[in-house]
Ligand SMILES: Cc1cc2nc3c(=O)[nH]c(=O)nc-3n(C[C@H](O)[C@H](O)[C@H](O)COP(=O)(O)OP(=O)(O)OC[C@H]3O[C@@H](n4cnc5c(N)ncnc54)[C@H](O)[C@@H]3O)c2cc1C
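Before any questions on binding or motion, here is one chain by itself as structure tokens, the form predicted on its own.
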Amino acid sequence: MSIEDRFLDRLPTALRDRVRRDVPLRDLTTLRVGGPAALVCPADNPEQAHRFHEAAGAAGLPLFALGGGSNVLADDRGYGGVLLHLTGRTCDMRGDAVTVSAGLGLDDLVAQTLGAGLTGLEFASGIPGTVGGALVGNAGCYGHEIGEYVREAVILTPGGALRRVGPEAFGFRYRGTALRDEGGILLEAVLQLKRGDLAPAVSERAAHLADRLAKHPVTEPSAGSWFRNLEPLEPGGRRRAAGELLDQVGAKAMREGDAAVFPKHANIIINLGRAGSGDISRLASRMQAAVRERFGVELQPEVRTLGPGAGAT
């Protein structure tokens, strides 16, 4: 019996029937790059995710959680483990608290909460990806981060335990969390919002959406911003945009095969049609080297790499 069959044999029939084999990662990521994932397991709720995680551990297979597939560069060689595809998209609003599944799109959450009269998340309008990815990466812009709004969450620990935790378990920081560092998986979160004047919130959302439409790819596949913004030059100061340094070194003219820097934003790599993971990696390295040589600054990737073996970095 193969290792994949051992994994499947440990699942109840209802979950076994959900598993797909050899699914191209290019179909599951916003960059539209990547070879086959050996086993893709859609999970609609924490209990299903827990069972898949248990079976992967028992079979000795690595596991990686994927939501909307943004912020990820998948290797052309594929992924040989269990891809836990978080597909739950529920959103339950009671009072000022919102219980949301990790697989719901972040922008969908913004629209739904504003539609219900709740404000606070309008800063995140237009940010690609899912709630789970946003929380694990502490997504933010315009002076806010989503970690500010977390009241509690349901997570899968690296050891496979389901736990309900408070915001302190995340270790929120700029574009990162301890949860990501330790390999925890967010499955569900409760966010604390507020009821306020909707008019300025709706206006802010419209402005952010228009700004993203003007500066970000609409038709070209991308993973979003590639590098993190830099630390402020002085305490309390504004972070320096990585895109500004990349613009000054001529990154917008850089290209490797069908991987190119987006003409309107020097910190975004786009796939012009047939880019491979190698093209994209070489382009990112060129961008990084150009900034290093000109400014003595080492840009840190925001995009994670999903390789064929043990998972993402």
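Residue numbers run from 1 along the displayed sequence. Note that the coordinates shown come from a computational prediction; the quantities given were computed from them, not determined experimentally.
Here the subject shifts to the form predicted together with this ligand, a form of this protein not shown in this document.
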#### Entry: Output flag, A97, A153 and G171 jointly within 4.5 Å of this ligand in the model of the complex, heavy atom basis
no
### Message
Given a 4.5 Å cut-off on heavy atoms, tell me which of 139-147, 234-242, 89-97, 193-201 is the interface stretch with this ligand in the model of the complex.
### Response
139-147
## Note on the structure
Partner-free chain; cross-checking this ligand in the model of the complex, the single residue of P128, G80, G160, G120 with a heavy atom within 4.5 Å is P128
### Message
in the model of the complex, is there a heavy atom of this ligand that lies within 4.5 Å of any heavy atom of N271, even though the partner is absent here?
### Response
no
### Query
Looking in the model of the complex, any heavy atom of A65 within 4.5 Å of this ligand?
yes
### Query
Contact between R18 and this ligand in the model of the complex at 4.5 Å, heavy atoms?
no
#### Entry: Distance check, P217 to this ligand in the model of the complex, heavy atom within 4.5 Å
yes
### Task
Could you list the residues in 204-224 that come within 4.5 Å of this ligand in the model of the complex, counting only heavy atoms and keeping sequence order?
R212, H216, P217, S222, A223, G224
